[in-house]
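Coming up is one lone chain in structure tokens, specifically the form predicted on its own.
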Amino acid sequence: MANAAPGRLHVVATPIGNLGDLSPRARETLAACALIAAEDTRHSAVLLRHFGITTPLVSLHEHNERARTPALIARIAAGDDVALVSDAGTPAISDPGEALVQAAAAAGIEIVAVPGPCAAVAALSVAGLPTAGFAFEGFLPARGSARRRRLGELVTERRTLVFYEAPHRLREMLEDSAATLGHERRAAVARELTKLHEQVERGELGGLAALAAHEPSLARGELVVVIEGAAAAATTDTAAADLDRALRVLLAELPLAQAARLAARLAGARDNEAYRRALALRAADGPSDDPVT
């Protein structure tokens, strides 16, 4: 007897709050699959009961995903269709599922997207900030020093930034963002999207940080923070400052041409731009006995 054809892995988006956002296709898929791998089986069981779906559940969360993935891949390979869901929104987007999807892809298993709600995209769509390009950063580090370091790496990012944040860290995250990215940067805090108490606060980072410090209700529930990207002038100014810093160090030790070449590599600048700037800095600092070539 021939082996059964392999099944498929269905990546199914579920509501982030309003149960009416579960699509008819998602309901049909969840009902038709042999098994549903869920981030929290108790949470997903409530959703399934609401829609009268009786498909068995198995847990797949950050603590067991690596261990459980081989068995799920084997079951799909044997012919069963398996659905992947997280507690809310789209699986594998700051949620469990990435390892399972990667393993399925490596095994040549067909992976089917059943799209739907995603908190990051929902917040971006109502933030009132540029949407042509954006960078989804998920959760920033919980520790303050690491969080500020990561924000520092994003100072010149020109795309709109999208973050998830835990309620108890919102005030600190906004304060660090304002201090690092600029108090005047436009931003939005989206809370409890699609739920009864949905709230979107828009303004500048400094003002939103002050609001979070004095309005406890803002730091409740599920949160998405959207921050506008750096202005082109700010990006250019920072790049120029980086080039100047590298040149000043290297010009003290090396001939001008060699210093310019190395500084260009370090600062991501063009060689001719670095050379012109090196000449300007050398002239501003006074004559030198070092050779120019």
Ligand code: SAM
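Here the structure is a predicted model, which means the values were calculated and not measured. All residue numbers refer to positions in the sequence shown, first residue = 1.
One more form of this protein, predicted together with the named molecule, exists but is not displayed; see below.
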- line: Here the chain appears without its partner; judged in the predicted bound form, the stretch of 147-155, 88-96, 124-132, 72-80 with heavy atoms within 4.5 Å of the named molecule is 88-96
Exercise: L211 in contact with the named molecule in the predicted bound form, heavy atom 4.5 Å: no
query: Is the gap between E192 and the named molecule in the predicted bound form 4.5 Å or less for some heavy atom pair?
result: yes
task: Would you check, heavy atoms only and a 4.5 Å threshold, whether L181 touches the named molecule in the predicted bound form?
output: no
- request: Would you check, heavy atoms only and a 4.5 Å threshold, whether I111 touches the named molecule in the predicted bound form?
  value: no
Selected contact from L205, L140, L223, L161, since only one has a non-hydrogen atom within 4.5 angstroms of the named molecule in the predicted bound form: L223
message: Can you work out which of A107, V101, V200, C118 has a heavy atom no more than 4.5 Å from the named molecule in the predicted bound form?
response: C118
